[in-house]
Structures are given as structure tokens and as C-alpha cells.
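In the block that follows, a single chain appears as C-alpha cells, in the form predicted alone.
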């Protein structure tokens, strides 16, 4: 059986026991259709199948590639592209139930022209990204129906509050956002109010389904919130240089999502990352060239997207490889 010392670094390591613990924990909190797992966090149909087996038959996707890969894997019971697209024709031919987020006449027209039959009206609930103004949602729903589209309901993402450290403040911010979404839903109709994330899964009581993704693998940003999920993956790196003041490992900007800040290394202070390197100061014992270290990313989604596979490990033993088969566009 190979060990982590046989791997070329940087490499993604996945703890299957921690993964299953996170799936079970979320399934208990949000069983069945209360959770629509977001595959953008792990980009793996193998992990998605584990979520499917836990009773979650609806999934969120962020890209056309994710939608296509999930359908090809037989996981297309109910796929939501929680993102606007003008290239809906790629989706209509899939052997799956397809729903697309729309927030404008142009995206509605693209869905209809592309052959997509079902949509959610995407509503801006405070995050300055996609989504129509709440007061425009009803008009867009009417327009979609005139285009012979079925409007299943609304979606909105309270992304500006999901990382707030204080739970009461996070909960209050979520409530304000959901008031906007519920009001829009009253104008739109449909059975779905889709919202939420790993950061607000336990305080968003307004949404009919929660679009959580990061919980299954976790990262240091979400770990700060005191959620009941454990770190299930790390990036394995090799120490390649040592001085009397710091050490350097081969895991830098091209292997880590850095938009949430520096990664973490146990018993060390991370100074900075450059293209191929992480520079850190060991706090417990001196580092040696050749040491294998585990680097915990601050943001799971973009980190996973840099890699083509997970190596399943228990301790230092490599059990299997799972492809990151939903990456790319």
C-alpha cells in the first residue's frame, strides 16, 4: 500500500472518515430535500454520490461543466445551475432535470432559446453580485412564464453575512436578507425558496432548501465559526528549503485558494505564499528538508479546483484516488 511519502507534492489529501462524519452531521441537521449540496466546493462526482446516498437527491452547481458531469454520472435527479448563463443550449440535451437561475430578460430569453424549461428567479438579497432587485422579481417571473418557462420559485445568497464570526450577528444578517427573499417569493410564487450556505445552514429557517457546500470538506475560514464540521482535507507539501529563521515548502498560490487569506500549518506561523512556495516559521521543532507537512487552506472551493485528484488517506497510508472530475468549464 503506498504512503503519502510516495506522492508528488503539492497533493490533496482526503480523510474519508472525516468526510463521512461531515456528511452524516449535515444530513441529520438538514435531511433529504432540506439540503441541496453545492458541488462547487468539492467538484467530485464521487463525493456527490456519497451525499446522494445520504438522501440528498437535489444538487447545486456553479458551472456548465459541473452540470454536465453530474448528469453523466447519473446524479441528475434535480440539478440547479445556481448561476446565470447565456449558454443554456448545452444544458437542454442533458439526461437530467435542469433548473437555471435567471435575473434579467436576457437570461430568461437565453434559457427559453436554449431549451431549458425550468428556472428560479435569482434575487439580490445584499451581496453585490448576481440577482435582480427584490421588487423586480415578480415582473421577471411573469416574463419567464410568457416565454413558456416554469418558474419553480426564487433563490438568493446571503454571502455577505455567511462568514460573520459572531453567530448572533450572522443570524441577524441572514434574517434581513431572507426577509427580502420571502417578499420576492410572494410576488413570484413556486414551491422553492433556495438560499443559505455552510455558514448559515443552522439559522436560515426561511429557505425551503439550503445550498451548503463547504461543510463537507471545510477550511480555516469556516472553522473560525465554530461549526460542527471537521477538516476533511489538506494540501500535502514538502519542505524544500530551510534557513535559521524560516522554512519553505512547495505549496504556493498555484495550489491554494488565497482569497480568504493565508493557509494554516500546525505548530507554525505562515509568513506568506508565493507562486510555488509557502514560507513559514516552525514553532515546535526545526523543519528539515524533505519533511512532509499538511497545509490547511483558508478557502476550500478554489483550492480543490487547482488539483485533479484527491488522495484518500488514513494516517500516512494512501487508500485510493478520487478524481476532481468536475473542474474546469
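In this text the structure is predicted, and so the values were computed from the model without any measurement. Positions refer to the first chain, counted from 1.
Keep in mind the form predicted in complex with a further copy of the same chain is missing from the figure; the text below concerns it.
Given the stretches 200-208, 225-233, 238-246, 185-193, which is the single one in contact with a further copy of the same chain in the model of the complex, using a heavy atom cutoff of 4.5 Å?
After filtering at 4.5 Å, what remains is 238-246.
Touches a further copy of the same chain in the model of the complex: residue 20 (any heavy atom, 4.5 Å):
It does not: once a further copy of the same chain is placed as it appears in the model of the complex, residue 20 has no heavy atom within 4.5 Å of it.
Is residue 275 part of the interface with a further copy of the same chain in the model of the complex - any heavy atom within 4.5 Å?
Contact check for residue 275: yes, within 4.5 Å of a further copy of the same chain in the model of the complex.
Exercise: residue 58 in contact with a further copy of the same chain in the model of the complex, heavy atom 4.5 Å:
Answer no; every heavy atom of residue 58 is more than 4.5 Å from a further copy of the same chain in the model of the complex.
Given that a further copy of the same chain is not shown alongside this chain, does residue 217 nevertheless sit within 4.5 Å of it in the model of the complex, heavy atom to heavy atom?
Residue 217 lies outside the contact set for a further copy of the same chain.
Within 258-272, which residues come within 4.5 Å of a further copy of the same chain in the model of the complex, counting heavy atoms only?
If the 4.5 Å heavy-atom criterion is applied to a further copy of the same chain in the model of the complex, 258-272 yields 258, 259, 272.
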